[in-house]
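One chain is shown next in structure tokens, namely the form predicted alone.
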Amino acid sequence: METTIVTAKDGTKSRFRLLAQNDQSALGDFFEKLSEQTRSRFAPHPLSSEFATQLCANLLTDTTQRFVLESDGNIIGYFILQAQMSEHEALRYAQQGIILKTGDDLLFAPCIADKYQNKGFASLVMEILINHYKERVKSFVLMGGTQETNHAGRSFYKKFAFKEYGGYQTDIYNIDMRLLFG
């Protein structure tokens, strides 16, 4: 996918692009500056400088696509699209009668920096990703679902036609969500 310039509601321009090996410092800064509330809603992996270094160092062998949204040299958003279906996700959806397949269904996890939330950036990125992948895959599956108490997140995903499926309990109840294409 090519780099795309997006303009938020307030006129702020940013670049949506693939994560690069030389992004380790900027990605680490992005992770470290996230509020506890934002951190609590993102569970795919640790949000630390050390993990950012590891991610960037392993990009050439990583089969997961990782994207960033960048403004003025700072990363303001991070997005994961993973083709390899996790056993945990597959089992949960199978209990709902839905068979997820590696390559057909992509696991999706977004994260926007706190001060850039509710400015339209996530919506702009969702439109780009949906338009790019809707003819290539069967669905986007929200990685780990979303917390039942995350009403803003659930509304956001529903705006893009994600449907809620069953859920599961960790230390909080999580709702599985999936966007089916076609």
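Predicted model, so just to flag it, every value in this text is computed and none were measured. Residue numbers here begin at 1 and follow the sequence given.
Keep in mind the form predicted together with a small molecule is missing from the figure; the text below concerns it.
Considering the small molecule in the predicted complex, the lone stretch of 45-53, 131-139, 59-67, 152-160 in range is 152-160 [heavy atom distance within 4.5 Å]. Of the heavy atoms in residue 9, some are within 4.5 Å of the small molecule in the predicted complex.
A residue is said to contact a partner when one of its heavy atoms sits within 4.5 Å of a partner heavy atom; residue 31 fails this definition for the small molecule in the predicted complex, lying far away. With a 4.5 Å cutoff on heavy atoms, residue 100 does not count as touching the small molecule in the predicted complex; it lies far away.
Remark: residue 122 counts among the residues lining the small molecule in the predicted complex, judged by a heavy atom distance of 4.5 Å or less.
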